[in-house]
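Let's start with one chain on its own, the form predicted on its own, as structure tokens.
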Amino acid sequence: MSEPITRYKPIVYIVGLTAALAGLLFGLDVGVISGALQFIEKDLGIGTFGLEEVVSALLWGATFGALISGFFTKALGRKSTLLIGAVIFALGSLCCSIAPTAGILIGARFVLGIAVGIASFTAPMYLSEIAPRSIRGALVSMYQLLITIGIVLAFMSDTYFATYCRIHEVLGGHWRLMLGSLVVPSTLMFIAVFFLPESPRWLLLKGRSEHARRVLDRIRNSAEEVSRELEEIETSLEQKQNGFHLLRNNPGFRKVLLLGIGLQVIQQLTGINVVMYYAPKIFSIAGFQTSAEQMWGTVLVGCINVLATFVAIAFVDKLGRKPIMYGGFIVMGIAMTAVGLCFKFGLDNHPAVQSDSALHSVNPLLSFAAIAFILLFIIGFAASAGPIIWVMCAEIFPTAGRDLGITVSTCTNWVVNGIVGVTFLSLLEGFGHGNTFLLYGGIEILFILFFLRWAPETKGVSLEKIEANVLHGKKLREIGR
């Protein structure tokens, strides 16, 4: 017999969508640089190493932003931290658009990265604390959905400014408009977040119980549900230790901290950034010869990314986290292996892999097969590891150590992201195109084993119950029981 469907107040979904706007800005800032690089290179006279610095500056800024976010979310609250992030988004975008030199642009990108780090830290935490437990996975997944939408919008705006817009001829360059246009959504996010309620868990952490009750009255269905949740949160807050005390004194917290680190390493080593970085070349090999065609091909990748994320949102609170992850790992492993074989036994032998010339020499069936498997990989990632890793990392840490736990896990994401970005081209050159994709395909097997051995199932379990299991030292895979 199926479970009855619970209907929540519309404000629950409005709050969730508004908080997830941080993900939209995250996606816009990550995606916009792909279309801008070729114009930055020409306008500012930057070489290959300089372009890598322009790209990586945002990643290292995001690492720093995630590192300092725990202090702000604990001292000022989740809502105030999101507002600070929106202001930095706007200022960073403006500074990027008017940067007169490469050095200033790199510095502005670092500042922009701080905002990305703040968003990647604070939004999933806020969403996990504000959402009803039965739809917590779906609301936190909204953050990842908005990231994918932001990437698509960035790709589309880049294509517009580079191909169709004539204003750049007057204002002096495509890339300044590409980067500067992000001031508008940053401002809109600030206005929207201003009207959000504060997290009731943070309010109780600060002793503001009446304010917390008023927030829960707005977003929960009944007074009984409000009273039960307040009691659960207050019970969890009787544990007065902070994150560093927990780290020293509680073995259960140390274990979930390592789990959070492992989950974020897994998300980056699935190969998602490898695919994103290599997608334009794949489309070039398939016969998309102009920059406009290649950029619209990248938009296709982004659209597939968005649509597949809806799969996770639809099923994460029905099937659970682990079954979806197992399916994702299998799909990603098959896809990456197939792409590797396409290169190893066909595409690597053709000059089009090293050059955009002689495209006619590539077997079109092999090229389009590679593209099809790239899109299959995107589907596998977007329906599983993309959103669900953020969901799990937002769930597993106890309240007293949530700031520290999410700080460490989110910083791990950005550090590994940076390492993958810095080493990818060298790996392609030294290890070979086919072998690189086969490596990423094979590593998915290790991730399945990791989830079998250590990952918990947290579907439908309250954050307070997960916290109690962690602090009482239950095995990692049992903390969701």
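Numbering starts at 1 and follows the sequence shown. Here the structure is a predicted model, which means the values were calculated and not measured.
Here the subject shifts to the form predicted in complex with a small molecule, a form of this protein not shown in this document.
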Identify, from the list Ser128, Gln267, Thr298, Ser93, the residue with a heavy atom within 4.5 Å of the small molecule in the model of the complex. Gln267
Quick one: of Val54, Val420, Leu438, Val30, which gets a non-hydrogen atom within 4.5 angstroms of the small molecule in the model of the complex? Val30
Residue-level contact is defined here as any heavy atom of the residue lying within 4.5 Å of the small molecule in the model of the complex; does Phe381 satisfy this criterion? yes
Counting only non-hydrogen atoms and a 4.5 angstroms cut-off, does Gly386 reach the small molecule in the model of the complex? yes
With the cut-off set at 4.5 Å between non-hydrogen atoms, does Ile272 touch the small molecule in the model of the complex? yes
Touches the small molecule in the model of the complex: Ser69 (any heavy atom, 4.5 Å): no
Stretch in contact, per heavy atom within 4.5 angstroms of the small molecule in the model of the complex, of 106-114, 246-254, 325-333, 145-153: 145-153
Quick one: Ser284, Ser367 and Phe377 and the small molecule in the model of the complex, is every residue within 4.5 Å by at least one heavy atom? no
